[in-house]
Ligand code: NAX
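In the block that follows, a single chain appears as structure tokens, in the form predicted on its own.
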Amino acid sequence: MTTTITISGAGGQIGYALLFRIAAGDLLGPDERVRLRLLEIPQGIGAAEGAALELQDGAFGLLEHVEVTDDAAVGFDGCDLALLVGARPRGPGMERGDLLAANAGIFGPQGAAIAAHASSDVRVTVVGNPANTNALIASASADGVPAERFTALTRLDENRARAQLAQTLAAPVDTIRRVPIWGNHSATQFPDVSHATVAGRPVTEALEAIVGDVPAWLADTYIPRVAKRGAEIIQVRGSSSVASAANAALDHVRDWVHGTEDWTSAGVVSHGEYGVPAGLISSFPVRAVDGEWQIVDGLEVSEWAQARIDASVAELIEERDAVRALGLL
């Protein structure tokens, strides 16, 4: 069996970081052959073509074919998995409405092309920011494709949240579980440790011996550090996250396809869970079962946590309303 995977913005840095790991089997496993479609804007075609040459030189046994195109109809033809990486970044003097309008001009046509040309069971992961609202735009433009097929990447935020806990607790990161991200992939996101465990022990109990006042540490140190980690990397590295973002995208899609053992985080369409308005694409604690994301239901959420969730969701509502005001939804 061969899976067709389309990557938009494939000539960019995150796309470049994704391509070789997918070809090596890090996404679908060592027995799944892949066909790659590299979708770019005309200015990025050269970079994508160069990446395609390197893929050829890599002699990957699982890689059946690579195609480079700037035509969305070609790029999404028969696509099974789509990673929408390319997006318009916010430039100097650009207002939020300008940014949303610019990205609607990218993700709206891509959503329409997915509806017209992709596989009937296509699954779409939006990486390009603002990821939640870009996913909403793409979904709204993909007539006939269930909204559940469009997701936004918040796994990078979860990975950062787990890594920060692991560092603080001096514990292996794979022993840290159940640290979901709620809301928007932005500085308002809420990394929630209420149900988190470290080696089976409640994280909040483990933190008490190290940080003392756990609520103050969460509010003043932990949550801001996770939410602003991307900005920290830009300041230190001189450019935004690349390899970690690509790694998180692989984690997200791999879990979606193969299923999860426990909770993780993904931006998925709300049906009204936890007070999130239906139709918004918000991050929730989720499980992947039989190729579908399922929101973890019935969790106890404190007033303090709910207030943080509500604040992030309010930002998503503002973004949705701004897009609607532009006539783009």
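Since this is a predicted model, take the numbers as computed values, not measurements. A residue's number is simply how far along the shown sequence it sits, counting from 1.
Below: the form predicted in complex with this ligand, not depicted.
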Okay, which stretch from 163-171, 255-263, 176-184, 239-247 lines this ligand in the predicted complex, with non-hydrogen atoms inside 4.5 Å? 239-247
Residue within 4.5 Å of this ligand in the predicted complex by heavy atom, from Ala104, Ala118, Val124, Val85, is Val85
The single option of Ser141, Thr204, Thr188, Asn129 touching this ligand in the predicted complex, heavy atom within 4.5 Å: Asn129
Mark Gly44 yes when one of its heavy atoms lies within 4.5 Å of a heavy atom of this ligand in the predicted complex, and no otherwise. yes
Heavy atoms within 4.5 Å of this ligand in the predicted complex: does Gln110 have any? yes
Might Cys79 be said to contact this ligand in the predicted complex, defining contact as any heavy atom within 4.5 Å? no
Do Leu156 and this ligand come within 4.5 Å of each other in the predicted complex, heavy atoms counted? yes
